[in-house]
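The chain that follows stands alone, in the form predicted on its own, written as structure tokens.
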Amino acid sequence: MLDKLTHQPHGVNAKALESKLVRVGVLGFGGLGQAAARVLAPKREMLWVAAADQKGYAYESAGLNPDNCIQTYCSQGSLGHLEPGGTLSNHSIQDLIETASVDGYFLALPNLPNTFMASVARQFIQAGWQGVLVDALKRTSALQELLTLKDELQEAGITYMNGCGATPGLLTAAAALAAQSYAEIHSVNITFGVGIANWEAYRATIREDIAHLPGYDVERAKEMSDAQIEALLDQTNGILKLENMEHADDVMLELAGICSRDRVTVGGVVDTRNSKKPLSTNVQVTGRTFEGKISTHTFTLGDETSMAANVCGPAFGYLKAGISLHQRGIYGLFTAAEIMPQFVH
């Protein structure tokens, strides 16, 4: 675990401390968690050592093998069956926190219910753990739950990087940068296209998207069986069209002082049967310059980049930034619109 610099003995070289290999854990091992493991595999600055799912966890101080972990999870239903390093547990997150030596965790967890991410953060606080946490949550209400823990996270010595996926995350940060050209921001419009060849690889993500559909809410989506989701997708030919979503980009940009949340809109199209994106993901920032001109900046993501690449890449970039903050004794809750991510080699 990382310690406050103020607790280091005199003569510790801060530069050497910063260059230390970062030990990373991943909570959640569905599609996003598995993608995170693959993203981390070639990294020289980060070592993936821990992961947890609902039924167990895996920890190996020398580093976990992504292929072995994914094969074990897919064939036996839990990382707890991994040999060696796996442990079956009904309290996998709590047990992993207490067992593993980890500098930072990526919370690749479901956002349902809205209180879940905050409840996980409380487990870290109550365990007396110190380090960096990063999430890729979606909903404004989920972020608001975490905001109530801001002081507790700071007191606990935890640096929590919030909303650090694609949207919220990469596109929110791009909007914060694009806003600098203007004296006043009129609107921020985020539109995403996601292509998934098989929805079952990203069950939690699809459930969250369904919760945004007219006639659905968080509770209804959470209670739906896989068969019910299949039936819904059959009705829509696998397409989910989402408008005016409750996305945390709005409160993140408001907290960063960019614009009021009512000027931010998020929507998109998810194709659950084709890997090709149904439309290009982009953010448009419209505003008035100091000369009085009205203009729009557009930042578009390449169609070839997958949802996993656009979520996991930024998440670990923000984890690296969080490590830098933590080493300087800066704790508490920060969003992707407040801090620049750092590239992980």
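Keep in mind that this is a model prediction, so the values were computed, not measured. Residue positions are given as counts along the sequence shown, with the first one as 1.
From this point on, the text means the form predicted in complex with a further copy of the same chain, which you will not see here.
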Given a further copy of the same chain in the model of the complex, answer whether the residues Ala173, Thr305 and Ala309 all have a heavy atom inside 4.5 Å of it. yes
Which one of these stretches, 132-140, 221-229, 177-185, 88-96, sits within 4.5 Å of a further copy of the same chain in the model of the complex when only heavy atoms are counted? 177-185
Val22, heavy atom within 4.5 angstroms of a further copy of the same chain in the model of the complex: no
Closest heavy atom of Leu333 to a further copy of the same chain in the model of the complex, within 4.5 Å or not? yes
Quick check on Ile258: any heavy atom within 4.5 Å of a further copy of the same chain in the model of the complex? yes
Contact flag, Ser61 vs a further copy of the same chain in the model of the complex, heavy atom cut 4.5 Å: no
Going by heavy atom distances of 4.5 angstroms or less, which of Val49, Ala35, Leu27, Met46 would be at the interface with a further copy of the same chain in the model of the complex? Ala35
Which pick from Lys241, Arg263, Arg122, Lys150 sits with a heavy atom within 4.5 Å of a further copy of the same chain in the model of the complex? Lys150
Taking heavy atoms and a 4.5 Å limit, what residues of 264-293 are near a further copy of the same chain in the model of the complex? Thr289, Phe290, Glu291, Lys293
